[in-house]
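The chain below stands alone and is given as structure tokens, in the form predicted alone.
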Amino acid sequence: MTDVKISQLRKSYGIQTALHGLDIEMESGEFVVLVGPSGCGKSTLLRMIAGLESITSGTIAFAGRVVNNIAAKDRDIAMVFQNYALYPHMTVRENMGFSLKLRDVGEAERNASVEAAAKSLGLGHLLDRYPRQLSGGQRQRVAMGRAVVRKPALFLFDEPLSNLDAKLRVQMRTEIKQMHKRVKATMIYVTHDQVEAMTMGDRIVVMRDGRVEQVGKPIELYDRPVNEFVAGFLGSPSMNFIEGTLGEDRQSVVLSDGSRVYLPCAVGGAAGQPVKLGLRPEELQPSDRGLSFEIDVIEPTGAETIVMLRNPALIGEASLCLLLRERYDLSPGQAITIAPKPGSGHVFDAESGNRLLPDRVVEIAKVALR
């Protein structure tokens, strides 16, 4: 196991800057997920940690040792790729043990390591097959097993589940977490899928345009996003945003049609300030009093029902998403009134996108600055 410290890390390609002075610390044995939309720099960062990309400036340190000028093969890492990267002419056994063979590990020790890893990953009966004889999930397990047998200080995963079907992705998420629990190594996992990030990571690093937006535990980021981007990116279905202004009491948001939505507590900001009210789909419920909408589309999933709502006067041509875990008799075109559940709601400054903090937090911050 090893900790990783990234300090003022920058990556430029000519005049194009891909990473803008990142500072991230990862604890030994932690499972850290780098998540963000395509082009945010997460894969570039992973490749720099692996030693596959040069560093423009800044440092990467493993257990206090700066590795900027250390070759990838000497960094004691193992990487699992999206496309498996298996040798087609080698059996599963040979693929998994190849790195040990390169290190001149004896055949008996090599086979023992391979068989132990294969057993833990459910590959024991497949050791003599070739990659072409395996399913996608089995190939990905082989790629994971190849990494495990090396017993590296650091595991790197570059979107390893992107090529799998939905059911298999769920299964493989569980298997990777179980593997982390067994080997107790530091793991860094790159994905654009926020569900993978939420379900797998001890901590999540949310990135956008080569910058870190927020770092924290999954529930912390979900419940207390620092800005509109993080709030909208994490969560499926994603958070709803409704434009309005901050009420004179700073504990309500006045919407464009004059209706008012009350917040759990007063927030920092000025009365009349343009804001966006953030409401997660599961934080809304049908109500006798509240906001009026028309049902546009109903998407039953079995355990839940996703309902898309329209109100052009309130939200323009956008749709508002309602997630119901109870069964209701609803149909498209039907009028419905909804209201936030008690204690729900986030407020973001319309210009900067930053979350307006509860007044109590604002006061604590002011005291800390004195």
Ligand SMILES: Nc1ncnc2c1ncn2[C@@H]1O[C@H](COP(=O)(O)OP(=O)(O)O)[C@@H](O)[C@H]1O
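Numbering starts at 1 and runs along the sequence shown. All values reported here derive from a predicted model rather than from experimental measurement.
Quick note: we don't show the form predicted together with the ligand, though the next part is all about it.
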Do I49 and the ligand come within 4.5 Å of each other in the predicted complex, heavy atoms counted? no
Would you please decide whether S38 lies within 4.5 angstroms of the ligand in the predicted complex, comparing each non-hydrogen atom pair? yes
S43, heavy atom within 4.5 angstroms of the ligand in the predicted complex: yes
In the predicted complex, does A350 come within 4.5 Å of the ligand, counting heavy atoms only? no
